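The chain below stands alone and is given in structure tokens; this is the form predicted alone.
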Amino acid sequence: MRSGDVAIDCKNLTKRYRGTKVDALHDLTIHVKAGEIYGFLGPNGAGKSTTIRTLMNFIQPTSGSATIMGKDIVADSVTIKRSVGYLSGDLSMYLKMTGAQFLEYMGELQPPVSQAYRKELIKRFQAELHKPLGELSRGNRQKIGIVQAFMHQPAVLILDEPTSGLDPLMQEEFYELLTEARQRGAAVFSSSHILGEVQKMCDRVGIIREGRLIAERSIADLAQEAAQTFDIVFKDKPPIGKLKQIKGTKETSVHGNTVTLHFHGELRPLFTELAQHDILKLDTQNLDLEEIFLRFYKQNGGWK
């Protein structure tokens, strides 16, 4: 698969569990390209794991469809799994096996491209191979899970909360591993409820709430939005009506004579309007993307 080709393609993918009246996942339409890291962002219970389990055909969609590398997730699920690296959010292992035995077993199902690469991953993540998995901490089991997902250098990676349990140093190692996967052309679909995490590892992000995709943005667009946020203190009553009419104004909030304005595009019309008023102070906020996500999510119904 060439970089830029669609690797994961969901069309109106919907899942409703038996006995419920509300869709756990509703009309999800997204695509993930080869050579792209796509972050699926939302709080616990938003529908992230349902999406991933459906893509892996552990549960079947109620309606809609999806393909991975051009193959149907239901009809071709066995073939698909040969090309997918998967990491569960609720990592289940054979707890009496050692890490070495588990990786050997998983290697029988999906042979590594090279034993040298598997050894490199084990070393990078300081994976403990000689203890039974049941005796390892959550973080150390997660390291083993990461190694098994990546060791065969799959064309597609589907990862559910992949940094769960990892310490900060191992998280950074994981982000570097994702970058390497992207550089070799892999498509990565990774869920997260950690708002700042997607800033470090993703190219695009989909934001899901209560089973529905409420937004899809590139990290570059979000960074631009963060750079175009102004705090303006007026001497007199702010001209809110006129500010909202300026092309490029996305959002305004008012606290007394202070206006916080989020703006895209050509700045001249904004400053032309401001020049007609007494401005006591004008600051550009240095918002990080975590604050942008929080603000956006709250505007669309709240982070529940």
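Keep in mind that what you see is a predicted model, and the values were worked out from it rather than measured. In this text, residue numbers run from 1 along the sequence as written.
Just so it is clear, the following notes concern the form predicted together with adenosine-5'-diphosphate (ADP), a form of the same protein that is not shown.
*Asks:* For the chain seen here without its partner, which of 29-37, 63-71, 45-53, 257-265 has a heavy atom within 4.5 Å of adenosine-5'-diphosphate (ADP) in the predicted complex?
*Replies:* Every other range fails; the passing one is 45-53.
*Asks:* Do Ala24 and adenosine-5'-diphosphate (ADP) come within 4.5 Å of each other in the predicted complex, heavy atoms counted?
*Replies:* Ala24 belongs to the contact set for adenosine-5'-diphosphate (ADP).
*Asks:* From first to last in sequence, which residues of 1-40 have any non-hydrogen atom within 4.5 angstroms of adenosine-5'-diphosphate (ADP) in the predicted complex?
*Replies:* If the 4.5 Å heavy-atom criterion is applied to adenosine-5'-diphosphate (ADP) in the predicted complex, 1-40 yields Tyr17, Thr20, Ala24.
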